[in-house]
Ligand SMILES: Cc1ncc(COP(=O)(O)O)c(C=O)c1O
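Here we start with a single chain on its own, the form predicted alone, put down as C-alpha cells.
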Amino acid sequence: MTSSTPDPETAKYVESTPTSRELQDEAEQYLPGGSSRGTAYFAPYPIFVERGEGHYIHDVDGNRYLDFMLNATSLIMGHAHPEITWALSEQAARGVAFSGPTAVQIRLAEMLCERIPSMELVRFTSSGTEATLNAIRVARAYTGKHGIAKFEGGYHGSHEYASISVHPAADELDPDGPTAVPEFPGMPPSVAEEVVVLPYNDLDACEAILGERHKGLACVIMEAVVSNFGYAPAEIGFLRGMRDLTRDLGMLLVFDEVQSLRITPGGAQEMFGVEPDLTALGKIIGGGMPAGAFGGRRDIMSLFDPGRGADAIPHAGTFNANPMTMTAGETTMRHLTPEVYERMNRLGGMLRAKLQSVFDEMDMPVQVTGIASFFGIHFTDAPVTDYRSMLAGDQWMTKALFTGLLNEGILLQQSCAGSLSTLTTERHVDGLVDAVRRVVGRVRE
C-alpha cells in the first residue's frame, strides 16, 4: 500500500459519503479548511450533518450514526429533545435576545449555586472559553499578580493564556519536565513567560515548581477530569494536595468544569470533595445552545459588581445570559436529577468494563479511561495519568478505530473518547462494544 492509497476503512468511508465530500470542496472556497471550528475537521473530510434525532445524527448522504460525541459532550439530553425544543420555540416567540435581564437567568443561576459546592455567585458568558478567560481575569485582579499556572496537555479554551502546552508534539517536549510551548505561531513571547506549566498527577513536582514561582502567580487552572487525556480523573490525593498547596502559597485554585459538570449534579468537586475558589462552566448548562459561566466565592466574584464603580471589572457580552440559552439550560438542568446521573454513570462503568474486556480478549495493549458517563480508548500498555503517557499511545490505531467506527455508524471524538446521554441504554452500550470488536478485528488483519 502506497502513501497515496487510502487504507480500507478510509476507502469505505469515502465511498459512503460522496455528498459530504462535495460539500467540503464547496466549503473550502469560502471557509479556511471548510469550517469555522477546527475540531470539526478530520481527514480526508468530515461528514456534513443534516439532522439530529435522539441519540443519532443523520448525514447528507443518508447515513445514520449513533452519537457518542454529542457535540463535545454538550448534548447530555441528545438531539432535538422535545422538552428543550418546545421551550425554545415558546421563548423564540417572545424574543430571542434583549438588552435587559430576564427572570430565567436568575432561576438557572440559583440552580447552579445550589448544586455546585463552591459557587456563591455566578456570571454567564457565551462559551467555555470566555468562562475560563474571565476566571483568570478575576484571579489576577483579586490577587494583584499576573502569572498563571496550568497543566501540560490541559485545554481551557482558545484565548491566549490558555493556549500554552495544550497539544505539544512529542519532539517539542522537554525531557526534564513540562515547559511553556505556544499553541500557535505568532503568539507574543510574553504570554509564555506568564504561564507556568505543571505535570499532572505529580504533586511533588508541582510543589517544587510552584514553591519557586508562586510569588508571581495569581492562580492554578485545572480540570479534575482531563478531557484531553480521555477523561482520566485526577488521583484524589493529588487534587487534595493541589488545594492545600495553592491555599498555602496564596494562589487561587480554578476548576475548569466545562465538561465535568456532567458527572454529578455538583460536578467533579462534589464527587471528589475538593472545593476550588473559582469554577468555569459550559456545555450542558446551555442545553445545546452556546453557553458558559464562571463563579465562586462571593468576595472574589463581587469584583464584577458594577455597583463598585471604578473598582469593578468590566464584563460585557451581547449574548451573555440570553433567554434562549437560559431557557434551554434551565430545562436541561431540571431534568438532570441525581437519579438520572446515577443511571448514566452506571452505564458508563458498564461500557468501560466491556470495552476493556474486548481488548483483553484480543490480547491488545489498551487502556480504557474515564469516569461516570465519560470514556476514552488509548492504544498503550501503560496507565494514562498525564499528557505524556497519553501521547505515547499508538495514534495510527486511534485514527483507524475512529474511521472504522464511522463505517459502523458510530461517532466518537477523534481521540476515540466520548460520553453518554440520558438516552443511552444497554443496547447502545453493546452496539458500541460490538462495533469496536469488529473494527479492531478488521484493522488487525
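Note that the structure is a prediction, hence the values are computed from the model and not measured. Numbers follow the displayed sequence, beginning with 1.
Below, we turn to the form predicted in complex with the named molecule, even though it does not appear here.
S.K.: Answer for residue 345 alone: is it within 4.5 Å of the named molecule in the predicted bound form, judged on heavy atom distances?
M.R.: Residue 345: no, not in contact with the named molecule in the predicted bound form.
S.K.: Classify residue 223 as contacting or not contacting the named molecule in the predicted bound form by the rule of any non-hydrogen atom within 4.5 angstroms, answering yes or no.
M.R.: It does: once the named molecule is placed as it appears in the predicted bound form, residue 223 has a heavy atom within 4.5 Å of it.
S.K.: Using the partner position in the predicted bound form, report whether residue 258 sits within 4.5 Å of the named molecule, counting heavy atoms only.
M.R.: So residue 258 counts as contacting the named molecule.
S.K.: Does residue 156 make contact with the named molecule in the predicted bound form, using a 4.5 Å heavy atom cut-off?
M.R.: Yes, residue 156 sits close enough to the named molecule in the predicted bound form that at least one of its heavy atoms falls within 4.5 Å.
S.K.: Of 91, 320, 118, 127, which one comes within 4.5 Å of the named molecule in the predicted bound form, counting heavy atoms only?
M.R.: It is 127 that has a heavy atom within 4.5 Å of the partner.
S.K.: Identify which of 227, 246, 269, 165 has a heavy atom within 4.5 Å of the named molecule in the predicted bound form; exactly one of them does.
M.R.: Looking at 227, 246, 269, 165 one by one, just 227 meets the 4.5 Å heavy-atom criterion.
S.K.: Given a 4.5 Å cut-off on heavy atoms, tell me which of 75 to 83, 335 to 343, 371 to 379, 156 to 164 is the interface stretch with the named molecule in the predicted bound form.
M.R.: Contact criterion met by 156 to 164 only.
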